[in-house]
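Only one chain is shown below, in structure tokens, and it's the form predicted alone.
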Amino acid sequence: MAKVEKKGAASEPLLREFFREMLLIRRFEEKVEERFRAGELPGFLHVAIGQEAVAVGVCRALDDGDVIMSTHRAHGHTLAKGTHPNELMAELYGKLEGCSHGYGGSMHLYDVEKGMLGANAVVGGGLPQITGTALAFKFRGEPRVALAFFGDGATNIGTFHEALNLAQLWQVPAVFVCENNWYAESTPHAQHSPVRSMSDRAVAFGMKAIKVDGQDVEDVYANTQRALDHARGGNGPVFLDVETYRLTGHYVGDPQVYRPKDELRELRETQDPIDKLRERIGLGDDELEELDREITEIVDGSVEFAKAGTDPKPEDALKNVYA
């Protein structure tokens, strides 16, 4: 993925690149959900439809040497970090050609070569690892930043507080990205958190916090730049309080009885980040149709690539086991 000048507001050509990447993530996840419902993909599946601006805005601000860790909702982060759709789809199908050679699947995938150190089915599981990775960067004198994605629900667990406490104490080059979609899986924010603003979580550690509009990719990109500059400059970690909306259930098949009746319809009409960016760049119907056709072909091709991939041997399950 080509790097561009990352200082100041995003240019019109760059915003168009963002739009393409966000649309790719959307169409990829729609296709994955379709194939999952058809019984072709194993395990559980969590899509991030509605949160594409966070993945693209954050990952496009990173330098090549920076690394991320994701959550159980990792497809968008992985694509935005540079993994090819073919390799990601093959991983979801459990093929050797997958980015994790079939070992990861949806909730445990990784692509170390691209700086994606892993998805994690354990809520907040990547936070301590990112603090440790950032500490290693500091010890080595490397100008790199380690970044963790996590949801609002993860701010209630012990490893969140331990990881942020040590990161601030040791002044490591880390960025903590809270994707606050207000439901911590299936519990409304007011029922699981005593604080309205997630930024207040950083106050206990004396950590710099930045509030971000997660449905505006330009705002995400600009504020991620600020956070990365702060961390890379030796000024300690940063907490990004990103308010976003999940325009789907926690998992595919989630009945979503915890949502108000008309909330999803209203959010889809007013808070879709792709619609917002399309309006911002003035993308016409004909141009959108052409781009959508191109991306749909890429996604369909990734499914064919995955289906034609190589199944691992049963004995491969015993490899990489350290116990």
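Just so we're clear, the structure is a prediction, and the values are computed from it rather than from any experiment. Residue numbers here begin at 1 and follow the sequence given.
Quick note: we don't show the form predicted together with another copy of the chain, though the next part is all about it.
Taking non-hydrogen atoms only, Glu162 approaches another copy of the chain to within 4.5 angstroms in the predicted complex.
Using a 4.5 angstroms limit between non-hydrogen atoms, Pro194 touches another copy of the chain in the predicted complex. Under a 4.5 angstroms non-hydrogen atom cutoff, another copy of the chain in the predicted complex lacks Leu247 among its neighbouring residues.
In the predicted complex, another copy of the chain sits beyond 4.5 Å of every heavy atom of Trp182.
Only one of Asp200, Asp229, Glu218, Asp213 comes within 4.5 Å of another copy of the chain in the predicted complex through a heavy atom, and that residue is Asp200. From the list 174-182, 154-162, 220-228, 74-82, the contact stretch for another copy of the chain in the predicted complex under a 4.5 Å heavy atom rule is 154-162. In the predicted complex, another copy of the chain lies within 4.5 angstroms of a heavy atom of only one residue of 169-185, namely Leu169.
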